[in-house]
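Let's start with one chain on its own, the form predicted alone, as structure tokens.
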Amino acid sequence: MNATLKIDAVSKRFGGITALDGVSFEVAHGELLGLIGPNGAGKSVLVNVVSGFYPATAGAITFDGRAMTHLPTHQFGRSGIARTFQNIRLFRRMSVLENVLVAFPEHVRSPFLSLLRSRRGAEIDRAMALLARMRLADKADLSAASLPYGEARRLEIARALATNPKLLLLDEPAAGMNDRETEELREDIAGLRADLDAIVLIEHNVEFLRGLADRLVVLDYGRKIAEGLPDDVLREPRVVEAYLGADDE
């Protein structure tokens, strides 16, 4: 496998609690990998480790051929890893357009000061192109706080794309969306694949992933319990018991 991302026996402990326990898998170049599991399985913790927000307690992370495990958080973003969050994090007092402008790599060192100078036509054109891609161009001048939940999630993706990532980590991007919004988002994510080395997508909506993800990895209690093609994985008894059959899913 020509891997963009390698997770090798990664564990994460918080005091006496083990959130990840020796998780290993690879994400191939050009692949969209779905990450599923019941609540508390460790999915978001894994994304936080892969994106540098949490240091791994044990194991190794390799991205684009580079060892990442012990690097500081800012190095993960500069290396080409971008992510969205399960709980939306936007600059709510800024406009939709400004939320994208401050994410451009050239503004990272002083985003708010740079924003005062970021009215050059080329930068606005770049930001507007990303908003159009996420169906938000007509919302550019609105306050981010005014967006409904589904559109706020789309803005998070547009802002992540502004960093020019190679790997995009999406943490439940379809949460809170209605059926029409969910189908539009599925189409949009599929369209992003041509411009990214790989995508890792956490999602509770299995039907959203079916036909979108190339492979699935399933976590339960911090351990990987299954990996493979979506239809094969979703038929595995351990997955049905741990995830699909869970009362709260």
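Not measured: the values here are computed from a predicted model. We number the residues from 1 along the sequence you see.
Another form exists, predicted together with a small molecule; not displayed. Remarks below refer to it.
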Only hit among 201, 189, 45, 68 for heavy atom within 4.5 Å of the small molecule in the model of the complex is 45
Note: exactly one of 23, 226, 19, 234 sits with a heavy atom within 4.5 Å of the small molecule in the model of the complex, namely 19
May I ask whether 2, 33 and 214 each come within 4.5 Å of the small molecule in the model of the complex, counting any non-hydrogen atom? no
Of the candidate stretches 206-214, 56-64, 178-186, 37-45, the one with residues having heavy atoms within 4.5 Å of the small molecule in the model of the complex is 37-45
When the contact criterion is heavy atoms within 4.5 Å, does residue 79 count as touching the small molecule in the model of the complex? no
Query - Close approach of residue 86 to the small molecule in the model of the complex, 4.5 Å, heavy atom - result: yes
**Message:** Whether residue 156 contacts the small molecule in the model of the complex should be assessed with a 4.5 Å heavy atom distance threshold; does it?
**Reply:** no
*asked:* Please tell me whether any heavy atom belonging to residue 151 falls inside 4.5 Å of a heavy atom of the small molecule, as the geometry stands in the model of the complex.
replied: no
